[in-house]
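The chain that follows stands alone, in the form predicted on its own, written as structure tokens.
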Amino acid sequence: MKPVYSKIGEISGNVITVSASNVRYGELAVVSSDHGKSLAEVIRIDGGKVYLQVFQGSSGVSTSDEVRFLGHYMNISFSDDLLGRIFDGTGTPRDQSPKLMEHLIETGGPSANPINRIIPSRMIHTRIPMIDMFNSLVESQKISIFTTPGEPYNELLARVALQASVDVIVLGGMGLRYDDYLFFKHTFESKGALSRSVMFVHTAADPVVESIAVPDISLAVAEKFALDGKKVLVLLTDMTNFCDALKEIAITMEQVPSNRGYPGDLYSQLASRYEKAVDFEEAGSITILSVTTMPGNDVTHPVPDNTGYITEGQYYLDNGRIEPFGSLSRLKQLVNKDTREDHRPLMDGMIRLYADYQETLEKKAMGFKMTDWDNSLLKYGQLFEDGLMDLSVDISLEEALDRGWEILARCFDPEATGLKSDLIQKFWPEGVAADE
């Protein structure tokens, strides 16, 4: 049994220091004070000095309080009983149901051995055209939604959760407003998705440092479900809040800051979580869809900048729509070839024409005279935005492809689209003319 240390050397923010030995990085400890017991985690070891972050905050902790190391990392109970449950950032129930104590698993372990991985080859259908048709989500992909505060990114995550073709949904919320937490809870309950979901929610009212544990707990649970043969979708919102918590701890520990005050290992911290996305051979898979808010819509901010190097693309959410030019799924070519023969050429052709539409908008704003071609592009752009880009559109991939052909037919003659004649002969809708 490990000894109990009765003297805390220093208290700085949510970080305390203790002189101790035989302690491991990431090990848990219990801090006992007059106000109760608080969970803490070892975040740095410097000789005989051990630094611990107190998850519930150091308020009420004094230098004479006791610290007892537990000899293990943070763990969470795993079983099918997790489904339908809601927990906080430390695994404590939020839903007033009993705490689960059996079949404990450790969190924060290494990512899967590459020898057990297979090349992604299956598409996850979401019924959102700007994803399914233009930047397909692939099973075991790691991808983020780049956006700004105020955009409906939580609503988009909820739609993906409800409509994605997966077995289990794991939601990891970091810094959620209470209204957003209730939105996810009520949406999942009312739409019947809670029974196949487990939620780990850290709200803005909780101690900031608790948000650091949310991705590790969420991904540890997801990995166990995947090893049991399940297709798991992990939704993480908002990873910028996670990084801000890392920044706060780094400042408290007086570490030498990197870009904009973030810790120098920010890339590694993000990569260790995102690399948990995997498609297991002879088992299930983990797909990670996160949210990365960009302060000031600045894509060079350290969080989106580092994220872009790690993930396999991003969805750029702006003005309530997934924008086609800022969005990219680097794995879509692995699955688009197996959907429908017109998928890739139709996607490319429509994006090219939408780029022409954007140029026509600029010409119109500058007072240039509009030609018949310009007017066709203006009509096309409006139909494209209303029929495919609007986030309220809920149609299958096949319906989206058919709608794409219909939009082209309502705006252009077949030869003006630049698409191959054999595809036009096969898919061009009958009874729809450009002058309608």
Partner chain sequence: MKGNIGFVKAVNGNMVSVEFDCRVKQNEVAYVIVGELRLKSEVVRITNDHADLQVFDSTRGIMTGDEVEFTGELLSVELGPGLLGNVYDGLQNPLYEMSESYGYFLEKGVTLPALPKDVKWEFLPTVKEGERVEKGDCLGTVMEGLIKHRIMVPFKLSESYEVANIVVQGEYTISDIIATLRDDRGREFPLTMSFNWPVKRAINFYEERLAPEEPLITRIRIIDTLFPVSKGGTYCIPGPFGSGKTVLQQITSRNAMADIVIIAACGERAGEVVETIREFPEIIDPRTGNPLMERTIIICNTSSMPVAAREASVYTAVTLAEYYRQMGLDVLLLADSTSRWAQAMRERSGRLEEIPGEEAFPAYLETLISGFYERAGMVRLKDGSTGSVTIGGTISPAGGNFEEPVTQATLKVVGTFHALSRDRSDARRYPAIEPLESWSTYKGIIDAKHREWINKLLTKSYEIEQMMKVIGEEGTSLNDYITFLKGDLFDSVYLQQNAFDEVDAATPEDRQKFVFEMLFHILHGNFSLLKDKEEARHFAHHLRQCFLDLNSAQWGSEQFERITKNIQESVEKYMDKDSGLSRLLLRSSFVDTIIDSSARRLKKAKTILKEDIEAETDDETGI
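A quick note: this is a predicted structure, and the numbers were derived from the prediction, not measured. Numbering follows the first chain given and starts at 1.
Although it is not shown, the form predicted together with the partner chain is what the next lines describe.
- The chain is drawn here without the partner chain; in the predicted bound form, the stretch among 221-229, 86-94, 202-210, 185-193 whose residues come within 4.5 Å of it by any heavy atom is 221-229.
- Out of the listed residues 108, 71, 320, 295, 108 is the one that sits within 4.5 Å of the partner chain in the predicted bound form by at least one heavy atom.
- This chain is displayed alone, yet in the predicted bound form one of 179, 281, 80, 341 has a heavy atom within 4.5 Å of the partner chain; that residue is 281.
- Contact check for residue 104: no non-hydrogen atom falls within 4.5 Å of the partner chain in the predicted bound form.
- At the 4.5 Å threshold, heavy atoms of residue 308 reach the partner chain in the predicted bound form.
- Within this chain, residue 148 is remote from the site of the partner chain in the predicted bound form, having no heavy atom within 4.5 Å.
- In the predicted bound form, the partner chain lies farther than 4.5 Å from every heavy atom of residue 34.
- Although the partner is absent from the chain shown here, none of 136, 159 and 425 has a heavy atom within 4.5 Å of the partner chain in the predicted bound form.
- Scanning 95-126 for heavy atoms within 4.5 Å of the partner chain in the predicted bound form gives 106, 107, 108, 110, 111, 112, 113, 114, 115, 116, 117, 118, 119 in sequence order.
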